[in-house]
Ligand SMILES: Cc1cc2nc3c(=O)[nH]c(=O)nc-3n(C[C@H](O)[C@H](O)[C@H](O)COP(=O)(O)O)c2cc1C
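The chain below stands alone and is given as structure tokens, in the form predicted on its own.
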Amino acid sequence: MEFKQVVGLRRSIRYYQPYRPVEREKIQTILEAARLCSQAVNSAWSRAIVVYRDDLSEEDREALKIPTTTAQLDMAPVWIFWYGDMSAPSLGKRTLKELVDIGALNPSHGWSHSYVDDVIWPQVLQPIAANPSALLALTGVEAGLAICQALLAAVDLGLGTQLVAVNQARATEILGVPEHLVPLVVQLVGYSAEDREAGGQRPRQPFEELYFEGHYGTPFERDEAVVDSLKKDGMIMKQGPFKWRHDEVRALARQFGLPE
């Protein structure tokens, strides 16, 4: 699938085929995509724990549910628990030197082992590590990049996926998560029971209200020729709801014994 179409088809899928397992190689591919994301200082800011729904006891599965995340957990066969690693900056000395050694960070930009030791470590990484709010924000952003690539990889593999919240306190207990990991989100993965377009692309705020050019408040004017090109490539798709969407939702609700 072309990248633009992957972006265009990504939806939060809320109905999964509960009886159809996901191939392990597809889960690995999702994790491989996350591992290759952009990472500040080339450190690993995210961790993931793959949990198979049917390997959990009914008691643990129920304990992880919150009011907004119930039926999805019963349907999706794979849950990927994503965490941010607050210790990532501490690895920066080593990982940056690795980038120097392979020429990714080069002398023409001032990089060397001594520059990492004498400048980057004391002036950049140590202050971040010592500032809890800055560290938390950076960890969230960096782990978010990995999660985004995991989502797009799942779509590319023909899977349904979405990010949900769960009872993270209970997840920490059940999964034995160490203290330096910050719970973020859970990515559900499975084969979609609903149409992959899930009733159409979601409405978004107007483009010009989100993006600016030159300075804040000056809208980045949308070029309709670019919009038409992206429609042709499948990135921008018809906005929901499709006229049959509500009938589809009612049919799915009946199929899974959920409220209509």
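Numbering starts at 1 and follows the sequence shown. The structure presented is a predicted model; accordingly, all values stated were derived computationally and were not measured.
Another form exists, predicted in complex with this ligand; not displayed. Remarks below refer to it.
Placed here by superposing the C-alphas around the site, this ligand (as posed in the predicted bound form) stays clear of every backbone and C-beta atom by more than 2.4 Å: open pocket.
Contact with this ligand in the predicted bound form, defined as any heavy atom within 4.5 Å, is confined among 171-179, 156-164, 107-115, 132-140 to 156-164. For the marked spot (S12, Q72 and V185), a heavy atom within 4.5 Å of this ligand in the predicted bound form is present in each of the three residues. Out of the listed residues R35, R222, K231, R202, R202 is the one that sits within 4.5 Å of this ligand in the predicted bound form by at least one heavy atom.
In the predicted bound form, this ligand stays beyond 4.5 Å of every heavy atom belonging to S57.
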